[in-house]
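In the form predicted alone, a lone chain appears below as structure tokens.
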């Protein structure tokens, strides 16, 4: 029987090693199937996070041959003739084996002001289909955090204190582009969100399993909003005149 050779990282925050496993290859097998085979036949204590096995929960994120992917969506026959290296996400602190601590992403989410609307009394809450379609793709996010893992600001420069990352930009875009939302989050984007750190390489967009246009439809429009408000020379002039106008009105 044909076999797949998996090189799986085993260890924790104190260190680890790569172990080699041979897994019988069956038609349609994905990397997560092979990990489950290893748990059943070799090492029952191999730690891996997963839930639905249908590419909907985003739990089984890992780096397969150096590329962040969902293990349940990555077929083994794609790697015929080569070993399959399965490692944990690099950007986040390692807990054990293939499981990382992604709680930072939820801490950031709590800093984003929620949807807020102000509807005049006596009028219905109406949202037009064209507005729904604009932001609908942002709600497809399954929070696999592959985009966070591949973002060079977070991955290579440990910039968690400076930049919220692409997943959070998608979350903010879903709110900012909602026609009924009345909050202005450009200040958050400019300061704590650190949107200026994104240099739109599109690496996050290229590997999104839901094919969300993270850069084109979320990050770039948000950058434009920040630029319009804080860096447009005409707006800057109007802001500089605002204090003098208020003084004139008070006299």
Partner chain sequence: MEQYEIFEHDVLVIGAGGAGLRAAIAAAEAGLTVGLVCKSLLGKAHTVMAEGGIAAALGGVDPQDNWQVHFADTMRGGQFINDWRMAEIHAKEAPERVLELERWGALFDRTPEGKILQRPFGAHTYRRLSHVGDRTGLEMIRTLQDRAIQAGIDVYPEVTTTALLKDGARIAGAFGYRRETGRFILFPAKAVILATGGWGRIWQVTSNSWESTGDGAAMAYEVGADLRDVEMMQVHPTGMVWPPGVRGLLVTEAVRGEGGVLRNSQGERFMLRYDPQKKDLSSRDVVARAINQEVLEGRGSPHGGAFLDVTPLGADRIRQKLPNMYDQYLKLADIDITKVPMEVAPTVHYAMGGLRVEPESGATTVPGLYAAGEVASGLHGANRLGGNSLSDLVVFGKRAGECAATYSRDLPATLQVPRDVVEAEIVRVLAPFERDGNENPFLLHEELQATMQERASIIRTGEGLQKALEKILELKERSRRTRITGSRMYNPGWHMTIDLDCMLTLSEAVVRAAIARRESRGAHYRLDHPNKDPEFGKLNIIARKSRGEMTITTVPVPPMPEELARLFT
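Keep in mind it's a predicted model, so treat the numbers as computed, not measured. Residue numbers count along the first chain shown, from 1.
We do not show the form predicted together with its partner chain, though everything after this point is about it.
The chain is drawn here without its partner chain; in the predicted complex, the stretch among 186-194, 199-207, 36-44, 215-223 whose residues come within 4.5 Å of it by any heavy atom is 36-44. Each of 73, 96 and 135 comes within 4.5 Å of its partner chain in the predicted complex, counting any heavy atom. Using a 4.5 angstroms threshold between heavy atoms, residue 162 stays clear of its partner chain in the predicted complex.
Its partner chain is not shown here, and in the predicted complex it never comes within 4.5 Å of any heavy atom of residue 182. Interface residue remark: residue 66 is not counted as part of the site for its partner chain in the predicted complex, having no heavy atom within 4.5 Å. Contact check for residue 80: no non-hydrogen atom falls within 4.5 Å of its partner chain in the predicted complex. Residues 48, 49, 50, 51, 52, 53, 54, 56, 57, 58, 59, 72, 73 of 48-73 are found to place at least one heavy atom within 4.5 Å of its partner chain in the predicted complex.
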